[in-house]
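Read the single chain below, which is given as structure tokens and is the form predicted alone.
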């Protein structure tokens, strides 16, 4: 993918930040600057980048919808009468009023509450009161809800606000497509439910996940002797990263009264754990038998909202359905057994980032002036290609000395 380079004039003017020469150093300012976030909205969230906004399993029937946001842009995602999924802007084309307030539901049509303009489930304008008295050049066909370009892979619905975003397969790349297949299988999923949370943290810190911290931060990993075995990390030039971990067999030493919660019913031990991070903040996880997509919203420089969506497979029998439901949020949710420490560490990262200096990556660094090629499962260097992509995208220049 071609880099915007000098096209990011707004970013360069809004925040003339000089980046350190060492590739393993990140200026802490990028986590706490309100002005930088405004530039990121234009360049990243409204730019030539694909963002996961839904899964088809969330909208199984015609008329189903969910609301979401891309940065600060409100979205209305619907399944039309033709079965196709639409990604619309949740703003009336008359005076800009938010059309739908509910998080999800089913509608025959949408109606703006301000002046009662009515829209088809697929976004076309049906009609509006007093239309005979509108301006002479009014054309109803031009006033449907604004539509974002969208694409779908394994049921995941991606949207972009950019004019020159590459094809989705090109944007993902072969390694990330392979990782998605490990997590989602054939994509024929069934929604189990959600947990939604807001973290006091910048979106870049939320998605700065690494393989180094897991066994050190998360108590459950140690209590269950959940140590990493063979595994690897895969990175792309446009900021994506995946960790595929082959965990050693679990050993319950009395920590759990009901060890069935951590039972693995899958057939392939190599697929016990897989984490996929799509730039900028899309996350998909398969841990044991839990299938989890985390749809994230960057609200501001210090607020990131995450919708933890849990899924089963359409072919699951009742026993497997119950198993996935029990394991889902109990294992990986915002207060899940192996992830409950995340909220606290996110906030502490945010507080600590107001201090001067840089955040520095160390584990796995072989050359601080070169991007890593081979990254072990428990290294933290898998994040560095993402940071280099971000730096170039935002047009930050490196220090000369």
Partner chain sequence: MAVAAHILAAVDHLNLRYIQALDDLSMEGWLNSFSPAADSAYVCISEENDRRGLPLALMLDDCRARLEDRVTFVTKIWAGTFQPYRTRHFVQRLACEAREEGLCQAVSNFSVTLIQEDGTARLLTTGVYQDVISLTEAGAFIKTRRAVYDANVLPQYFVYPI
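Everything quoted here is computed from the prediction, not taken from an experiment. Positions refer to the first chain, counted from 1.
Although it is not shown, the form predicted in complex with its partner chain is what the next lines describe.
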Exercise. Can residue 73 be called a contact residue for its partner chain in the model of the complex at 4.5 Å between heavy atoms?
Worked result: no
For this session: Tell me, yes or no, whether residue 364 is in contact with its partner chain in the model of the complex, where a contact means a heavy atom of each within 4.5 Å.
Result: no
Exercise. For residue 194, is any heavy atom within 4.5 Å of its partner chain in the model of the complex, or not?
Worked result: yes
Exercise. At the 4.5 Å heavy atom threshold, is residue 103 in contact with its partner chain in the model of the complex?
Worked result: yes
Exercise. Between the options 170, 314, 300, 260, which residue brings a heavy atom to within 4.5 Å of its partner chain in the model of the complex?
Worked result: 260
For this session: Could you work out which of 110, 279, 310, 158 is the residue within 4.5 angstroms of its partner chain in the model of the complex, going by heavy atoms?
Result: 310
Exercise. Hey, of 328-336, 354-362, 371-379, 39-47, which bit sits against its partner chain in the model of the complex at 4.5 Å between non-hydrogen atoms?
Worked result: 328-336
For this session: Verify the flagged residues 219, 255 and 347 against its partner chain in the model of the complex: is each one within 4.5 Å by a non-hydrogen atom?
Result: yes
